[in-house]
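One chain comes next, on its own, written as structure tokens: the form predicted alone.
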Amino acid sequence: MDSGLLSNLALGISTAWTFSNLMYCLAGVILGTLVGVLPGLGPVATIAMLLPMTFNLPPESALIMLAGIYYGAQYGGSTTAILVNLPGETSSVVTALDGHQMARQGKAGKALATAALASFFAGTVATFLIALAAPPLADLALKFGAPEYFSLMVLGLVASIVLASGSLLHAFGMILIGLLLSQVGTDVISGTPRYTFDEPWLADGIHFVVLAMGMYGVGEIIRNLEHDEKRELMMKSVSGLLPDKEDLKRIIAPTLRGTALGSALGILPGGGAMLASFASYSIEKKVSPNRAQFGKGAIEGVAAPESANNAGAQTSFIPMLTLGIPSNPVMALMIGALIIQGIQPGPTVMTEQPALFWGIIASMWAGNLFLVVLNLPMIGVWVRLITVPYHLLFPVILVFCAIGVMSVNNSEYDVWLMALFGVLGYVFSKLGSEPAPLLLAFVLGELMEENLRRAMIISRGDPMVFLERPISLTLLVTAALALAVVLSPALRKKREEAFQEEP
């Protein structure tokens, strides 16, 4: 192993494994598990609510805790998926197919232990991959100028369209709305107000916390209030947590395949944990020697998606940390956390903030260990929480959302805006439109405009600057090819069918 990598990891361990940072990591993974267990909250809304609380924390502690919430939520979602057939996270939807069937057969302990072990293995491997892949990517990104950054963001938006489920037209529309919302406020170059309707409170633009909390927090509450779900537990207590030798033999290959696939898909913009878990389950259903048992309680149907979603959740940090490009809404909020701390996202984070960069990576090992050691004994606590009626939960969630938004700018208008975005989020969900492309476009919009205008100033108005530079040209060609593939009639029809059949 490279000595430079070892010294960097040693720096990360010395940063992350202090008592205070380990406590923040522990708090993050426990809160993340709680978020995953309770349907109707989710890591995006939770991180958005907690952002104002990180103002006075050291940057390392803030990012370590927020990261723990994200990958902890992937674990917690599987608990409800298995025990109640009610996935706490979208990435746990496919886990419910076989996990809940195992619970019905009295094998809930084995299913939960399989989810924990597969997630721990995938998280460990993915963290190591981040440590290996991040330095060369950051070195490459240091060669980026304004044209390259603009082209990279175009590729990011195209990828979010390619990977969004359902109608392509809806995905395009969400991208457009996100870009338009990002233009509200004061022009960064001329200093003139745009789309503010002469309202002074819009002069600084729309804060992404307001948008995220509305779309994901309030919007999710409205959606959940539509359904009066009765959550029936298969059992009050869980026993038999250790898989036997036969079970271990069956889960090794699916865990390895899920880890590899999740690690690759997590890097893609718009990908992450959800895409990884669905893709891993589909592949396993085709290659597994026990494919006939899928949907009836196959242990492979738990190991594959759980390893994939945990690996995908963690490798999604790679583009965020090295390029400053969010691969999913949670990473968009993590970039917001960096900006709040006065840190410019991008390749300079590794050189200017090495303790922060490597500290986040090292904290993931500790976080994954906490998840296995603490969560299996705490299953009884999560079981009791699942039975809390939603009509008692949602007022508390709403209050936290309002407090979080209010504390950003101390403006009552932001609370009204959050409510408006919540209603819009609900409307979009009824129309079959995912809010993720909108949030990604909103985060990237201002940076895209800034780099586009800077590139045009440097080239004196010549648009060929984007095609004359090799890296920029490669990124644009990749974006064009991805768009051409997804626009093909056969693939478009398959997307529509998959969206209609989605569990």
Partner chain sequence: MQLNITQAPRDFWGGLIYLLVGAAAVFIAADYERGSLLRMGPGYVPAVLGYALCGVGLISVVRSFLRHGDRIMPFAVKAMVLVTVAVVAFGVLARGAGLVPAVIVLVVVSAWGSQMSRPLPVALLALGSAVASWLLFTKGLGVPLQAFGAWFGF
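Numbering follows the first chain given and starts at 1. Not measured: the values here are computed from a predicted model.
A second form of this protein, the form predicted in complex with its partner chain, is not displayed here; the remarks below concern that form.
Asker: Would you check, heavy atoms only and a 4.5 Å threshold, whether L140 touches its partner chain in the predicted complex?
Answerer: No.
Asker: Given that its partner chain is not shown alongside this chain, does W416 nevertheless sit within 4.5 Å of it in the predicted complex, heavy atom to heavy atom?
Answerer: Yes, W416 sits close enough to its partner chain in the predicted complex that at least one of its heavy atoms falls within 4.5 Å.
Asker: Classify S433 as contacting or not contacting its partner chain in the predicted complex by the rule of any non-hydrogen atom within 4.5 angstroms, answering yes or no.
Answerer: S433 belongs to the contact set for its partner chain.
Asker: With a cut-off of 4.5 Å between heavy atoms, is K245 one of the residues that contacts its partner chain in the predicted complex?
Answerer: No.
Asker: When its partner chain is placed as it is in the predicted complex, are L132, E352 and N375 each within 4.5 Å of it, taking any non-hydrogen atom of the residue?
Answerer: No residue of the spot touches its partner chain in the predicted complex.
Asker: Just one of V477, M53, I471, V465 has a heavy atom within 4.5 Å of its partner chain in the predicted complex. Which one?
Answerer: Here the answer is residue option M53.
Asker: So which of L202, L369, I222, L385 reaches within 4.5 angstroms of its partner chain in the predicted complex, heavy atom to heavy atom?
Answerer: Flagged contact: I222.
Asker: In the predicted complex, which of 420-428, 253-261, 71-79, 114-122 comes within 4.5 Å of its partner chain (heavy atoms)?
Answerer: Going by heavy atoms within 4.5 Å, the stretch is 420-428.
Asker: Quick one: which residues from 103-132 get a non-hydrogen atom within 4.5 Å of its partner chain in the predicted complex?
Answerer: Sequence-ordered list is empty.
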